[in-house]
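The data below hold one chain only, encoded as structure tokens and taken in the form predicted on its own.
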Amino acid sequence: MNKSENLIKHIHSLVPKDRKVKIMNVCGSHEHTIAFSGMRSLMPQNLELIPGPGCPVCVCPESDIINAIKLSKRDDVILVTYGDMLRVPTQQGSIRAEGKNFRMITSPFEAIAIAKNHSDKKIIFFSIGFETTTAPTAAILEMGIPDNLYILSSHRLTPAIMEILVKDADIGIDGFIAPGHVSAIVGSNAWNVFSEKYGIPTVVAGFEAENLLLGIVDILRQIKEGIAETTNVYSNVVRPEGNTQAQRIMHKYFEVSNVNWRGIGYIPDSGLELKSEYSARDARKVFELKEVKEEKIPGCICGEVILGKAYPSKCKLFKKACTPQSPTGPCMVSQEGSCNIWYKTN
């Protein structure tokens, strides 16, 4: 019997027999591993592994995407952003379908090169994501960016959405598998609030199936012992304090703000905007962008999927009107989106 088989056997021995246990994996990459490895089929029937809001393009507000489309139609602008963002649908279409002057990039540093090579244009970096992608955006600001490069920030904070989830009795989370990539930036100590304040066992895990199984075992151990701790089975990558240098420059350029999460609504202190002293780099202010009212896509339940209240298979559009080739909702676009992952594995 190999190590993974032993861990699965241990999970079966630890899970309570008299009730259902719900463990949420917050990260989209965790969901990818769980789904593609067939891990759910090996779990006890009363242990539920719930995918959470770990897909950055899924929670990016429709208003920001529509504003990005409008900016890309200006002759004096080149919009640059990550590949998945180009395909995210809105009431006015996607950037790829409706935009004009746009480029795909894989790193913020590419935005600098484009700005230098097109000094006659205004380059707008549509920067999205959680703490993992906020750090490199802050890094280019720290390096110094060309005068013709602007940031359209749509960054979100992971702990903030996790607190919303904990407080929602309809979800009933018994344990968190904290996101590995984000934890490398913020540190495992960032999740102490969930064990200390809310009594929710929380474990930082990596992305290999064996490491995730270790995380599940540790959560179940805590439940059995009647304790709640924050532990780290990904300690070769994640330190308790995280990447303090990355945190320093993030705090230098960004400030916490109240922001909209697509399909969820406004959440206090859950996003990052450029500080006022850097307003000359802030595309939202420079181009006087206005908020566009979000419209719910008929039949789409992405909001419920993101919150862990429904599985993708419960959506009436899933695998019918909504596919990776022709996504109706944002959760079907990215490889970190639960709908995209479930389409390929269910």
Partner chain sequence: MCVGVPMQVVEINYPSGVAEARGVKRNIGLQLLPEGDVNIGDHVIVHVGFAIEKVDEKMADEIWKGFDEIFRLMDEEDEGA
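Residue numbers count along the first chain shown, from 1. Just so we're clear, the structure is a prediction, and the values are computed from it rather than from any experiment.
Just so you know, the form predicted together with the partner chain exists too; it's not on screen, but the next bit is about it.
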- Query: Quick one: is residue 67 in contact with the partner chain in the predicted complex, heavy atoms, 4.5 Å cut-off?
  - Reply: no
- Flag residue 234 as yes or no: does it have a non-hydrogen atom within 4.5 angstroms of any non-hydrogen atom of the partner chain in the predicted complex? yes
- Message: Residue-level question: is residue 146 within 4.5 Å of the partner chain in the predicted complex, judged on heavy atoms?
- Response: no
- Applying a 4.5 Å heavy atom distance criterion, does residue 323 contact the partner chain in the predicted complex? no
- Which one, 152, 173, 115, 185, lies within 4.5 Å of the partner chain in the predicted complex by heavy atoms? 185
- Would you kindly say which of 162, 128, 213, 177 lies with a heavy atom within 4.5 Å of the partner chain in the predicted complex? 128
- Within 4.5 Å of the partner chain in the predicted complex, all of 201, 229 and 301 (non-hydrogen atom): no
- Which of 292 to 300, 309 to 317, 274 to 282, 51 to 59 lies within 4.5 Å of the partner chain in the predicted complex, heavy atoms considered? The stretch 51 to 59
- Item | Neighbours of the partner chain in the predicted complex among 131 to 148 [non-hydrogen atom within 4.5 angstroms] | 132, 133, 135, 136, 139, 140, 142, 143
